[in-house]
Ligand code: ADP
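In the block that follows, a single chain appears as C-alpha cells, in the form predicted alone.
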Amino acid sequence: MTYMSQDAEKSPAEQLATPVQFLKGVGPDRALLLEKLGLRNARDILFFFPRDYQDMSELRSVAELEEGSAVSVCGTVEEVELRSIGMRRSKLHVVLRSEGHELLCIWFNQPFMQARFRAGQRLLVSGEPKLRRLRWEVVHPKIQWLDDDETPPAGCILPIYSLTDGLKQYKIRRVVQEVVENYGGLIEEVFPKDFLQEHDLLPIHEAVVQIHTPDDSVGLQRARRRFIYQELLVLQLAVALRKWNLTHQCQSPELPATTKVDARIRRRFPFELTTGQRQAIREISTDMARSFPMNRLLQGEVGSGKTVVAEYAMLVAVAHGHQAAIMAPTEVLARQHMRTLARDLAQSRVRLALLTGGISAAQRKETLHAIEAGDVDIVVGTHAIIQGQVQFPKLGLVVIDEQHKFGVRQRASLRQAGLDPHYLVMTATPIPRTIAMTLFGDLDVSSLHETPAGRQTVHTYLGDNDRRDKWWEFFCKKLAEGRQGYVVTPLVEEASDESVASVEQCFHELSEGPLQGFRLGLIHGRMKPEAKEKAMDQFRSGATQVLVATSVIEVGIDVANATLMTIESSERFGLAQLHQLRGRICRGAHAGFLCAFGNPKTDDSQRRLEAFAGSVDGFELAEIDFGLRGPGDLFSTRQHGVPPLRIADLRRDGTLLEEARKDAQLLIAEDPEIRNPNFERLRTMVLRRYGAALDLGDVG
C-alpha cells in the first residue's frame, strides 16, 4: 500500500491538508526546514511558486557557444579572484572549466559573491556569452550550485525556489514534483468554466503543473498569467467589497457646505486658493453632503496646500455642530497642525485640543473629559486619538495625515456607536497608480499638483568630498545673509559603517568645524517630546540658525526662512523621503538650495540620487521610486496589515491589475456580496485572505 492509498477515503481538502513530514521524500527533519519557508502541508507546497526559472533547453558545452543567445553551461570552478578596479569598484572573476574548455564568469561591484565560490564546485551557469580575446565570458550569469552526484537537467525549463539553510535546490524540486503529481489534481477550481474561457485562463489543474514543471515557455506564461490574475482579482474583490460596505452599509451625518458655510470658511483664508485646492474642496464637499461616509484620499505635491483643504473640511463639520479629529504619525507634525489651526482660528469660537503621548497625565484626563462632554470641536493628535479611552459624542470627520504611516484598519478605528464619521486621508508622498489601486483602492482620490503662488524652487545638487568645502562655504554665506538651514543624517547613534553619519556626531563636528560660530540646534526621534518641541521653537524663532536632524523633520515642519539643506549619507534615504525632506526648504519667498552627499554602492542607489537631483516633480519621482524599489519599500503591505502578494508583481503586472480591477468592480456591481453559487469558492478565498485585514467580516 502506497502513502497515497492510505488517503483514498479522505476528502480532497483533508488530503491537501496532509502535513509535509508525511509527504514522500520529506520526513521530520526536512519538514522543519520546509516550515521555515511557511510550508506546512501539501496545499502550501502546491502554491509555493518558483521565484525564477532557468531555461535548460539550451544546455551546451563551451565548445558549442555562440554569441547572441542565452545558454546554460555546466562545469567545475577552477579559479576565484576578486579584483579592485578603483573608486571602490570591484570585479569578481570565476573561471569555470567544462569539458577541457574555460568559461569566465564576471560580476561587477558584488564582492560579497566571492564567498559563495570555491575551487572544485560544480556549477550550472546561464547567460549570454561573449567572445573576448579568444575567451568566452558571461557577465552576471544566473547560477545554480550542483551536488557532486547531481545530473544537470537538460531540455527543460527548470524552476528555482526560495531556499533556507540546509535545503538544496534539487531536493525541494523533487518534493514539489511529487506533490504536484499526487495532489495537484485535488485542487478545487475557483472559477466557473465560462469565466475561464471568457478570460482565457488555464484551468487550475493544468496551471499548477505548468507553473512548477512547464512544458515550454508558452505553457509557463499561461500558468503564470492564471495565478497572477487570480491573486490580483482576489485582492481587487476585497478592495471593492470594502468600498461597497462603506458606501452601502454605513450611515454618516449629512454635512453640506452651503453657500453661507462656504463663504464663512473662505473668509478665514487670506490668500487665493489654487485651482487644485478648489477642485479638491468641491469633491470633498460633495462627499460630506451624502448620508454615507466619505472615504477620500488627498494626495499632493510637497507644499501644495493639503492642510488648507483639510481645515476647510473640518470647519464644515464644526459648522454643523459636529466634532472633527486630525491624526498625525508624529508628535512634531501633530503640534505643527495645532499651531496652524490655532493661528487660523484665533478669532473664532472653534475650540481646539491637543492629544498626544507627550502631554501630562493631568492634561490628558482634562482633555478626554472635554472631548466626551462635547466641549472640543477639533482634536489634533497622534495615535493617542484612537485609543479606547477617547469618546467622541458627535464625531463628524476624521482626517488622517500621512496615511501610508498608518495601517488600513486604523481608518475605521474611530467609529463610535451610531453614525460613522466621514474620512479624509492625506499624503504628501504621491502614490504610484498601481499602489493606489491596491492599498488605497477603496478610496476616492483627489490630487494637488500645483503649489501656491510665491513658492520658490529648490536647486538640488549631488555632492562629493571634493566639493564639500565649497558647499559649506556657500552654506555659511547664506546663513550670514539671514537664512536658516537643516543638516539631515539617517541615524541617531554611531553605526559600524563609518560612512554613515550619526546625527550627534555630525552636530559636534559641525559645531567645531565648518559651522563654528553659528547657532546650531539638534532634534531626533529619540528625544523626549518637550525637548523636541523646544528645539523646534528655537529654530522657528531664529534662536538657532541650523537644525541638525534625522528624518523626523520629513513632514510637517514649516519654517519659511529655512532655505538650506545638507543631506548626509543620502543613499540611505528613499527617493520619496528625499523629496519630502527637500519640501522643508520651499516654504517661503526665497529660493532653496540643497546638497546631498552620499556613497551609493549599487546602480539603483546611483539612479535614485540622479533622479532626485534631476526632478522636483513628486508624482514623477514616486513612479521612478516604485520602478526601482517596488511597493514593499514605499508602502509596506505588512505595515498595512495586508498579506503580501505571492506571485504578482505590481511593477510588472500593471496591465493585468487593470483587468482584474475592472472585472472585480463588475462582479461587485452585479452581486455586491458575491452570493452567486458559481463564485462561492472565490468568495471564500477573498474573505479568508483579506477579511480580517480589510475589515470584511461583516459581509453577508
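Note that residue numbering begins at 1 and tracks the sequence as displayed. Keep in mind that what you see is a predicted model, and the values were worked out from it rather than measured.
Not pictured, yet referred to below: the form predicted together with adenosine-5'-diphosphate.
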Revision key, fill the gap. From 367, 295, 277, 72: within 4.5 Å of adenosine-5'-diphosphate in the predicted bound form by heavy atoms is 277
Study note, to complete from the structure: If we test each of 587, 335, 224, 532 for a heavy atom within 4.5 Å of adenosine-5'-diphosphate in the predicted bound form, the one that passes is 587
**Study point:** Segment assignment from 608-616, 239-247, 298-306, 457-465: heavy atom within 4.5 Å of adenosine-5'-diphosphate in the predicted bound form
**Key:** 298-306
Practice item. Spell out, yes or no, whether the shortest heavy atom distance between residue 192 and adenosine-5'-diphosphate in the predicted bound form is within 4.5 Å. Key: no
Point to revise | 4.5 Å heavy atom contact, residue 558 and adenosine-5'-diphosphate in the predicted bound form | key: yes
Practice item. Using a 4.5 Å heavy atom cut-off, state whether residue 452 contacts adenosine-5'-diphosphate in the predicted bound form. Key: yes
Review point. Does at least one non-hydrogen atom of residue 628 fall within 4.5 angstroms of adenosine-5'-diphosphate in the predicted bound form?
Key: no
Exercise for review: Let me know which residues along 651-667 have a heavy atom within 4.5 Å of adenosine-5'-diphosphate in the predicted bound form, or say none if there are none.
Suggested key: none
